[in-house]
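Presented as structure tokens, the chain that follows is alone, the form predicted on its own.
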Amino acid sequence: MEDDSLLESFWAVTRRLRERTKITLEPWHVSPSQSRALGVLSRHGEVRLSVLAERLHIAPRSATEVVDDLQERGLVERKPDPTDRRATLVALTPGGVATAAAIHEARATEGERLFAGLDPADRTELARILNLLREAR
């Protein structure tokens, strides 16, 4: 890091991760936002659209667009919320479950490739630092 500042190095790694994520997602023809939505639904089960937007940290309108695209591809379905007929739940279809699992596996493999050059102590330290940054307000 002779000429690079810490921030520049961080952004370079972020760009590299974003590029590798796009390549990793190519077989399923999903965007990173769609992949994240599939992951949320895979981990949390069916949720209201507003909850999905919250968990993705995006505007409800953007979540609607993500769900529209995933529904058009048969990966999610909308259904009425039995506790509030004004609300809609979003759930994975069987195809969505399979796609989410395959993407999870591919991303885990890609993560291993990315961090392969780090020894276990460095991985632990990096995880500790990233968690501090993630939790900082």
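Note that residue numbering begins at 1 and tracks the sequence as displayed. Because the structure is predicted, anything quoted here is derived from the model rather than measured.
Just so it is clear, the following notes concern the form predicted in complex with the DNA, a form of the same protein that is not shown.
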item	value
Partner contact for residue 104 in the predicted complex: the DNA, 4.5 angstroms, heavy atom	no
4.5 Å heavy atom contact, residue 49 to the DNA in the predicted complex	yes
Proximity of residue 95 to the DNA in the predicted complex, heavy atoms at 4.5 Å	no
Heavy atom of residue 40 within 4.5 Å of the DNA in the predicted complex	no
Contact residue in the predicted complex, chosen from 60, 74, 27, 80 - any heavy atom within 4.5 Å of the DNA	60
Residues in 25 to 40 close to the DNA in the predicted complex, defined by a heavy atom within 4.5 Å, in order	31, 32, 33, 36
